[in-house]
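Below, in structure tokens: the form predicted on its own, a single chain.
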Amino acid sequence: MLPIDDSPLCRDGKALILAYDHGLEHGPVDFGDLPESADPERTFEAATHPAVTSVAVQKGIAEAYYPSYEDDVNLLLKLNGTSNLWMGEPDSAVNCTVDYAAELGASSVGFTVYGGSNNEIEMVEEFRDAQEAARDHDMPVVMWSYPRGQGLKNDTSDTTIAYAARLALELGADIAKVKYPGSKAGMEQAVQMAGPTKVVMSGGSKTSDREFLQSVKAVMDAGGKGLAVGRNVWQREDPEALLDSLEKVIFEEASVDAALE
């Protein structure tokens, strides 16, 4: 593992990654309720909030928008991703190299692995190439570790999420981005299995402020090291307000009630 506590990806050993790769992964449906959220500049503006340690985007968004924000935002370049139009067994196309990510100014990279998919072998081999190339650049690697596939019955069970975290450790990721298993106890198991790999929660679909902050608080209390969140921030009319609350919960160890004040 790289020592990443003082890297651009972390603040005080914790991370709040603002993810905005949804335009590729989910398509226009994620922008339907708030049309202005389709504008990447709006999310880059939100990423200037001091709570945000990096913004995660695909290379086209980085090429078009990051040059205007490179002095204020740390770039996590997502190396793979596939549209929701793909209807086959879970897979993710490699869309960018680590070398090109470095050229674009990225300080870290992200890579999805679908453990349990019929395409797992190929994806893990692709992750190997990316992880080793990132080491040549001293760039931290975040694994979007999402078990799924036709043989997987429950992708958010405690044991499945713990396996997802362990997969990230075994393959050399510095941070494991995993789904919330639904309880503090489940996240504690994932953190234990991840060893020195930091575990952050995937934000998921938009929920109420209180419900979302309660899950984040449970993750932090379980030993998690932060959050990689998209829709729960930029689908809100005032993303900065929620980022204020997240800053209190993640970095100041505040209660949910205090964060909502």
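When you see a residue number, it is the position in the sequence shown, counting from 1. From a predicted model like this one, the values you see are computed outputs, not experimental measurements.
What comes next is about the form predicted together with a further copy of the same chain, which is not displayed.
**Student:** Choose from 213-221, 64-72, 198-206, 45-53 the stretch whose residues reach within 4.5 Å of a further copy of the same chain in the predicted bound form, heavy atoms counted.
**Tutor:** This holds for exactly one stretch, 64-72.
**Student:** Might Met139 be said to contact a further copy of the same chain in the predicted bound form, defining contact as any heavy atom within 4.5 Å?
**Tutor:** No - in the predicted bound form, heavy atoms of Met139 and a further copy of the same chain never come within 4.5 Å of each other.
**Student:** Does Gln235 reach a further copy of the same chain in the predicted bound form, with heavy atoms at most 4.5 Å apart?
**Tutor:** Judged by the heavy-atom cut-off of 4.5 Å, Gln235 is well away from a further copy of the same chain in the predicted bound form.
**Student:** Asp244: heavy atom within 4.5 Å of a further copy of the same chain in the predicted bound form?
**Tutor:** Because no heavy atom of Asp244 falls inside 4.5 Å of a further copy of the same chain in the predicted bound form, the answer is no.
**Student:** Is it the case that Ser183, even though its partner is missing from this view, gets within 4.5 Å of a further copy of the same chain in the predicted bound form, heavy atoms only?
**Tutor:** Answer no; every heavy atom of Ser183 is more than 4.5 Å from a further copy of the same chain in the predicted bound form.
**Student:** When a further copy of the same chain is placed as it is in the predicted bound form, are Lys225, Pro239 and Ala259 each within 4.5 Å of it, taking any non-hydrogen atom of the residue?
**Tutor:** Result no, not one residue of the spot touches a further copy of the same chain.
**Student:** Which residues, if any, of 159-183 lie within 4.5 Å of a further copy of the same chain in the predicted bound form when only heavy atoms count?
**Tutor:** Thr159, Ala162, Tyr163, Arg166, Leu167, Leu169, Glu170, Leu171, Gly172 sit within 4.5 Å of the partner.
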